[in-house]
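Below you will find one chain, with nothing else, as structure tokens; this is the form predicted alone, and questions on how it binds or moves follow later.
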């Protein structure tokens, strides 16, 4: 038996390659799918089946892409009218080599959600692993708010039934293989630990301690999760099938004048350097989204109908940036600025900057009563855990839609946890014409470490 976890950074996605003898299956493949083809070649196996656990909301599934190269059959769960692949039945079995995979319909996160129990037939029919998709994670369970408030109670009840009546009865020793790890937007406080069993989760998972159905449902319907607008695009792609890539986009370098011309024609510039570099010098109108922030924040800001231009720290960042963006369904990654910001200012083209504040500077200005607005752009759970008195809270993903709440006539100090999302928030304000904008270095982490007061 061959078993490989394939982790996709940023979206905390985990897919699986499982093989026996000369046959293999892939569960929840990512769009840049060469990794599975390479694994099959290395192990001298043919990919026979591709299984999806549900219609994913946070990334573009790679099933069609992988099937295009391998000829494998695609399967997904009942309840949605997928425009590709085949529909499973609850309990349907698949054999490859010495292994057997059994589809277990586990609705709750979504109606069509399916888990897959894996048995090694050389030792028995009992499952040894279960691939739970977004139903059950290490330390958490899947979110149940994706259909809106009116459906949340029904979905939470279905998820309880799926976990307690279908998954946990598979056995305490069964190895848990979820579709996401820590940092995923498909759950809450998913554990940093990636290995677990159903028995460990039954004992240790905080949500599974709510063994009464009504308590579980009440907990789930009172959760708060952000729902990025790009989820709608992912749902569309993953229902109808995304465009085939064939290969990763190959953006070309532009001269500064060419870059400027593309922006004037409507292309969107994204600066993926770290916030202090962006604050020191950047191109007017560009978004500040540091490289590792692309998976979680690009979908809030970037349109799907305009070319994307990249400003890099160095060309080594290019491939990672491309992979992050294609996993979110961005196909028009047009160009990048050759020579970086240095080439831009060497051409005497205009640059902008965003001033930086230390938490000591911010504290002094607040204490002396300066007319300074502190804008906190963290998530609601972070805000609820402690914030600066008098601050205005708008999550960075909602800032463009709520600018009317932010006075254009006051200096604004943008703060997040450490300064990364604050840089994005500051760049949004500068794009909209706000003049005196600051990024607070170290954010609330530095504020707390300095011993300054927080309120809840």
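Computed from a predicted structure; not experimentally measured. Numbering follows the first chain given and starts at 1.
Quick note: we don't show the form predicted in complex with a further copy of the same chain, though the next part is all about it.
Partner contact for residue 418 in the model of the complex: a further copy of the same chain, 4.5 angstroms, heavy atom: Result yes; residue 418 sits at the interface with a further copy of the same chain in the model of the complex.
Verify the contact flag for residue 453: yes if a non-hydrogen atom of it lies within 4.5 Å of a non-hydrogen atom of a further copy of the same chain in the model of the complex, no if not. Residue-level check for residue 453: no, no contact with a further copy of the same chain.
Check residue 297 for me: does it contact a further copy of the same chain in the model of the complex (non-hydrogen atoms, 4.5 angstroms)? No - in the model of the complex, heavy atoms of residue 297 and a further copy of the same chain never come within 4.5 Å of each other.
Examine residue 196 and determine whether its closest non-hydrogen atom to a further copy of the same chain in the model of the complex is within 4.5 angstroms. Although a further copy of the same chain is absent here, residue 196 would touch it in the model of the complex, with heavy atoms inside 4.5 Å.
Partner-facing stretch of 303 to 311, 357 to 365, 209 to 217, 108 to 116, counted where any non-hydrogen atom is within 4.5 angstroms of a further copy of the same chain in the model of the complex: Result of the contact check: 357 to 365.
Would you kindly say which of 315, 381, 86, 261 lies with a heavy atom within 4.5 Å of a further copy of the same chain in the model of the complex? Flagged contact: 315.
Residue among 64, 50, 45, 394 with a heavy atom within 4.5 Å of a further copy of the same chain in the model of the complex: Exactly one residue meets the criterion: 45.
Between a further copy of the same chain and 102, 240 and 385, in the model of the complex, does every residue show a non-hydrogen atom at 4.5 Å or closer? Checking in the model of the complex: none of 102, 240 and 385 is within 4.5 Å of a further copy of the same chain.
Is any part of 236 to 251 within 4.5 angstroms of a further copy of the same chain in the model of the complex by a non-hydrogen atom, and which residues would that be? Heavy-atom contacts to a further copy of the same chain in the model of the complex: 246, 247, 249, 250, 251.
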